[in-house]
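This document opens with one chain alone, in structure tokens, the form predicted alone.
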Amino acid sequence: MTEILIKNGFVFDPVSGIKGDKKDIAVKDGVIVESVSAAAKVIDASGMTVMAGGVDIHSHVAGAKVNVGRNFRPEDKLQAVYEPARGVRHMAGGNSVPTVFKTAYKYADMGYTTVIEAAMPPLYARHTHEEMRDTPIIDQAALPLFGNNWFILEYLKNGEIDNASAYIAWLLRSTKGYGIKCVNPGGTEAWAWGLNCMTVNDQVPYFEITPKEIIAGLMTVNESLHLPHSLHLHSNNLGNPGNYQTTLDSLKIAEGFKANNNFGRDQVMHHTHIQFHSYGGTGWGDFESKGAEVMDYINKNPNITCDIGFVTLDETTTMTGDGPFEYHLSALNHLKWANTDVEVECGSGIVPYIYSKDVYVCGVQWSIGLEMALLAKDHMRCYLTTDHPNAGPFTRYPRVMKWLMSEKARDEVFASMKAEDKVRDRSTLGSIDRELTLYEIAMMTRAGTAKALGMGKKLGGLVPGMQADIAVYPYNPETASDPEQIEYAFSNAKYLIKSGEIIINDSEIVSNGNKQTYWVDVKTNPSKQVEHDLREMFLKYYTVTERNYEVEEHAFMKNPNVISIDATQ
């Protein structure tokens, strides 16, 4: 494999503690090394910023609901600039729900090399893997949904942790999943009865178990299986005024839990799109931020990580496994609504949405995300996402970086709002003058996310021995003064190296790469009860057989990267 030497760039790497020093980075055989021969290809990064390839911990980019979103919103395509095929690039289109090709190319343009699909219905895992297989360049993994699964609800209600563990291990193997995702625990199952679970103590109809018990049970299972990633939680009561108390109650469930893994992960709970869960007020009239209160709790509890879910003030497409929320949202904005219930496992919904800066609620949502990120004390535990596409498209990450790094850029958005004074009054953002550094951005988008996923020994850094995923941006931190330079540079990587291969050369995509799909194979003690329950469930309830349920590597995956774990006792 070609040797590469990236010379004279300003390097930002939290893994090695480098904060903008001019440094050379050497690559050989797909990994970062101490030095290379004189024959190495030289990339002159003078006056540019060098970071590890970005790692997105939470995005919705592949699978059944994403494809429904594409079909459901033909008008979304009208907002897109279609890119014709040229060179190695395929034709790319779509806006908030782009095609798999545009997804890959836009992530690459932003210097990202790894993306996690954050919600995979197990029954539709084949579809998810087919789309990931067809997505070039970026490495991926998918998180199956467990928080409303009939097997899990029954096992946890009965205190059968060993059976829950054996079932989750079986499902991860069958779906080629990476970790445990829990959306609106118990609430989506309650939605099948026209109900919801709004607090952690509400009973799930028929199953007589609470969200608190589901969350605690899944954390227990996660650590008993020694998984690379923690429980990935979307807690109850998303998007409603006053929901911050439910969020704090959910976070407190992690108290007393300790991480148990060999992957360098410290947290036991990752709370996703925390912005949507940090609302105060009793209704939309007195809607306000409680982001400071929620972030204060996270700051004080190192066994919790979060991603923000920044609102980007765009028209977008919301899609989530939180089915009752989408129904509620459609009742608010009176736009079209799609809903589905996935056999004995989960459900989801889709609704278009416009985050308008002229609507004060949207302005407050925008301010909450930024407020929380700026109040975070450790950006190795607080990450940049937009819950793509729910709070905005992932292509806005560079714009969010601009807002985080520039008080001037934030003030310009405030000044453009019709209800500027009201928005400023409902959060603390206007009083915060903090501006994040490139080093902190690298934490939020690379080093921190990789560590939280249990990939920190391989991804997210520029230490010799790590995978050679490297982004070079046309941004000079010594001379740049215009905030717009931040958004431009981080939207247009000058060079991108993925696994030691040059993907972007002088701002042009020159290779579709050799993507990998990660999945976790956990060995557990056999459970006769789980084997019996699976036979019964497939016979009585599923419309497919167990054989047609499983994802086969050779048919549905490209370059599978299996992480094997022995959790037998």
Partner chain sequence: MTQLVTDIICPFCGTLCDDIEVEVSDDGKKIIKVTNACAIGAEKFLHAQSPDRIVRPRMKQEDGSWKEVTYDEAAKYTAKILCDAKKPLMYGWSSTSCEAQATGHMIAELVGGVVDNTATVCHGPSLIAVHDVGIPSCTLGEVKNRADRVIFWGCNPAHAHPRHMSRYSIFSRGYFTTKGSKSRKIIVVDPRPTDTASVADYHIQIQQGRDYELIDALRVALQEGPLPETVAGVPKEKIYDIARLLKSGRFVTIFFGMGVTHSLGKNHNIDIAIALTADLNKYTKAAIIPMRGHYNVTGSGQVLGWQFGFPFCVDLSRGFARYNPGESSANDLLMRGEVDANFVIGSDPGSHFPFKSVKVINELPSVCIDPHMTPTVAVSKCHVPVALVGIEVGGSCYRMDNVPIESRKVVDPPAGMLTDGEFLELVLTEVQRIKGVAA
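Numbering follows the first chain given and starts at 1. Just so you know, these numbers come straight off a predicted model, no measurement behind them.
The following text describes the form predicted in complex with the partner chain, which does not appear among the structures shown.
Using a 4.5 angstroms limit between non-hydrogen atoms, residue 246 is distant from the partner chain in the model of the complex. In the model of the complex, none of the heavy atoms of residue 39 sits within 4.5 Å of a heavy atom of the partner chain. With a 4.5 Å cutoff on heavy atoms, residue 371 does not count as touching the partner chain in the model of the complex; it lies far away. In the model of the complex, residue 112 stays away from the partner chain, with no heavy atom inside 4.5 Å. Of the stretches 297-305, 164-172, 282-290, 67-75, only 67-75 has residues with a heavy atom within 4.5 Å of the partner chain in the model of the complex.
Among 216, 413, 204, 123, the residue placing a heavy atom within 4.5 Å of the partner chain in the model of the complex is 123.
Taking 475, 439, 101, 360 one by one, only a single residue has any non-hydrogen atom within 4.5 Å of the partner chain in the model of the complex, and it is 101. Taking the partner chain as it sits in the model of the complex, the stretch 182-213 comes within 4.5 angstroms of it through a non-hydrogen atom at 189, 191, 192, 193, 194, 206, 207.
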